[in-house]
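Encoded as structure tokens, the following chain is the form predicted alone, with no partner shown.
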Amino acid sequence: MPEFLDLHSRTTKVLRGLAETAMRRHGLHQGQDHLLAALWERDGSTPGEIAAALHVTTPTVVKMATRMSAVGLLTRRRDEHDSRLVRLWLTDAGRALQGPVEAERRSLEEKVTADLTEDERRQLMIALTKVYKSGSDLL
């Protein structure tokens, strides 16, 4: 396996595991913090809009939303102008997680980049952004 792909794959697995552990402290499952973040930005989005923003499938968002609705983090309501559409709305409990979840993510980011200089962090973000764009363009 090419060196970059191998290192990236192993790094992604480690980071995903750390993030999963961190989010579980807030009662969240993998990826649910991303769905919440999308709603923190645009409460009332449709599952399709969130799926597009997160680069996942709409059924993935619907499954997550069902689980999150069951624990009181969001509600589903029909669109007031087009009853065929369902919109996802945060509950007070979902809104209340914004501060703790964002703090948890910042803390994790600081810990995993603690051995990097500020310039190395900046260069890493630039490089990862370029790799992401190139990969997205290939899709």
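One-based numbering along the sequence shown. Source: prediction; values computed, not measured.
One more form of this protein should be noted, the form predicted together with another copy of the chain, which is absent from this view; the next part is about it.
Visitor: If the criterion is a non-hydrogen atom within 4.5 angstroms, does every one of Thr66, Trp89 and Ala96 touch another copy of the chain in the predicted complex?
Guide: Not one of the three qualifies.
Visitor: Since only the chain is shown here, I'm wondering whether Arg106 would be in contact with another copy of the chain in the predicted complex (any heavy atom pair within 4.5 Å).
Guide: Yes - in the predicted complex, heavy atoms of Arg106 and another copy of the chain come within 4.5 Å of each other.
Visitor: With the partner left out here, check for me: in the predicted complex, does some heavy atom of Leu54 sit within 4.5 Å of another copy of the chain?
Guide: So Leu54 counts as contacting another copy of the chain.
Visitor: Residue-level question: is Arg24 within 4.5 Å of another copy of the chain in the predicted complex, judged on heavy atoms?
Guide: No, Arg24 is distant from the partner.
Visitor: Wondering, does Lys111 line up within 4.5 Å of another copy of the chain in the predicted complex on heavy atoms?
Guide: Answer yes; at least one heavy atom of Lys111 falls within 4.5 Å of another copy of the chain in the predicted complex.
Visitor: Though the partner is not shown here, which residues of 114 to 128 have a heavy atom within 4.5 Å of another copy of the chain in the predicted complex?
Guide: Sequence-ordered list: Asp115, Leu116, Glu120, Arg121, Gln123, Leu124, Met125, Ile126, Ala127, Leu128.
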